[in-house]
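In structure tokens, the next block holds one chain alone, the form predicted on its own.
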Amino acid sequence: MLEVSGVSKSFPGVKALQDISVQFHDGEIHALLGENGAGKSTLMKIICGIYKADKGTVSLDGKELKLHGYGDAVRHHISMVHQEIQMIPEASIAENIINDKIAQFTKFGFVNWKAINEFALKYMKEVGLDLPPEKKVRFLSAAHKQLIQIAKALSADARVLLLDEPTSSLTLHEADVLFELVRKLKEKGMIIIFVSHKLEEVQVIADRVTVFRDGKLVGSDHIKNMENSRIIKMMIGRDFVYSYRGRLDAGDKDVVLEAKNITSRIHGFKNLSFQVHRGEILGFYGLVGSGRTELIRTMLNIDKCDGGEVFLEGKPVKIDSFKTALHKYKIGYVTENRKEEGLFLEHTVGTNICVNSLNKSYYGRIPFINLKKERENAGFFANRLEIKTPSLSTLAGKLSGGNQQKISIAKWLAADCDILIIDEPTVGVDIGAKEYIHELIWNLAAKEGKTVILISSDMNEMISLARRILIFKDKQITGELSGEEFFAKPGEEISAEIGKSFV
């Protein structure tokens, strides 16, 4: 048994954890839930020796652990798989699995590659990775990379496995494969601590749930006693439901953006077309890899476009780069990968908000930054989106996932984009931040008349916001749903209609 007793941890101005006590048992999948900033990640890092608690203890099988770093945790058979995939892309699968134990395979300065590959293969088989151990990681899917991270943890003879948002980059099928593996590890008696914002997968995989709010432990119970409504109320202190938001009278307005016969050899699709009206929220629904994101990235020439035309307000335009899309045509794109593509994590909140609108801070036409103007511009959008940050000079990487996502949206609003493409707007954010972001997206269309393309694999999110939905499957658009009355129906009926497009 792993036991946390009376653990508290503070950072400047923030009480991250307050007197937390919780037990994690062998052969149990224990989910930690709470909003961003509730204390889940801080507790995981204390268990792994990355942070040192201000007070309290962490014990394994009744013996107190004195951890002075992650290496100590690994030596005590505690391993963590992070949400952000941490791989060396140019190295092989085997090298990534053994990169913290390479000395075991080195003698007189020579590396025994045969032994490395045989060692890696043992743990690859354990997680169901049927690939050559010599294969470079950069060619693999997110699901394969996640399995490699788990294989690496198992190769350290882990007894305690901490999984932080392990399915955030996976398709439903890939998540099912991962869950099957996690269940097998549970049957072997491993202690598994599982963090996720997806309540539906918690209900499927977890045995016990512990909920945090504002650094405090709100409650812990067996999953059979924890309905989603109860979990949400424990997390945010009130009820939350997806609701019908009303009409969006955009269907009769001008077509603002039209794409015709977009083709990509890289992504394997051809002749995909769509159009979107002013003030409309158009949904792109489908599983990860179905072609939704690939179509947008090809249209904007982020990825090479091999054919097709784009029209803006009825006139043909040439989008030769993303820079052109932004500065000439006022098209913004909130990427699904905010940590690698959306934000400069080692730069300040203010810099990230203003990065696409620096011209607003020039001294007239002179391209020198007026720092006062820049702070005012950043402050305006930080307040508008209610970004919770100690200051505008705080590094973006220090904020919670929900606040990072708000910054990702703020930088495009600061650039005065008329068309906003938002890809998986609430992936990896908590239920409270999700509610706020939904309201923001709705108001952009309903009150400000902006045009929004919403890409999401969250059916409830899609139903709540979009009033016309294109269904993607296998790099094709297989269906279209529209009509205000249709979206006022209960979610179950809409789900059934959407499901027909996947048959």
Partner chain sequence: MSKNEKLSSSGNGSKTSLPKRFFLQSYSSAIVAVIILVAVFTIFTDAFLTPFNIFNLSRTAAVYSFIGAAQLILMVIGDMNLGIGGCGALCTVVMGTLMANYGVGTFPSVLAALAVSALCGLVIGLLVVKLNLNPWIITLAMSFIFNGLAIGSSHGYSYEMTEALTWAGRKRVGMFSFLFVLMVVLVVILYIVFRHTKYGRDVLAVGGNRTAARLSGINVNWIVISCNILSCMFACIAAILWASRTGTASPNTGSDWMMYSIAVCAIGGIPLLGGSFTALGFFCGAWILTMVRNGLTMLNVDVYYEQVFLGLIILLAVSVESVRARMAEKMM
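Given the structure is predicted, the values throughout are model-derived calculations rather than measurements. Numbering follows the first chain given and starts at 1.
Another form exists, predicted in complex with the partner chain; not displayed. Remarks below refer to it.
Trainee: Any idea which of 201 to 209, 316 to 324, 223 to 231, 136 to 144 reaches within 4.5 Å of the partner chain in the model of the complex, heavy atoms considered?
Mentor: It is 316 to 324 that comes within 4.5 Å of the partner.
Trainee: Using a 4.5 Å heavy atom cut-off, are Leu358, Ile369 and Thr389 all in contact with the partner chain in the model of the complex?
Mentor: All three within 4.5 Å in the model of the complex.
Trainee: Which one of Asp416, Asp157, Glu340, Glu90 is close to the partner chain in the model of the complex, taking close to mean a heavy atom within 4.5 Å?
Mentor: For this set of options, the contacting one is Glu340.
Trainee: In the model of the complex, which of the listed residues (Ile421, Ile191, Ala94, Ala382) lies with a heavy atom within 4.5 Å of the partner chain?
Mentor: By the 4.5 Å criterion, the partner-contacting residue is Ala382.
Trainee: Ile302 near the partner chain in the model of the complex, any heavy atom under 4.5 Å?
Mentor: Although the partner chain is absent here, Ile302 would touch it in the model of the complex, with heavy atoms inside 4.5 Å.
Trainee: Quick one: is Lys152 in contact with the partner chain in the model of the complex, heavy atoms, 4.5 Å cut-off?
Mentor: No.
Trainee: Against the partner chain in the model of the complex, would Ser168 count as a contact residue? Criterion: heavy atoms within 4.5 Å.
Mentor: No, Ser168 stays farther than 4.5 Å from the partner chain in the model of the complex.
Trainee: Within 4.5 Å, heavy atoms only: does Lys411 come near the partner chain in the model of the complex?
Mentor: Contact check for Lys411: yes, within 4.5 Å of the partner chain in the model of the complex.
Trainee: Check each residue of 443 to 458 against the partner chain in the model of the complex and list those with a heavy atom within 4.5 Å, in sequence order.
Mentor: Sequence-ordered list is empty.
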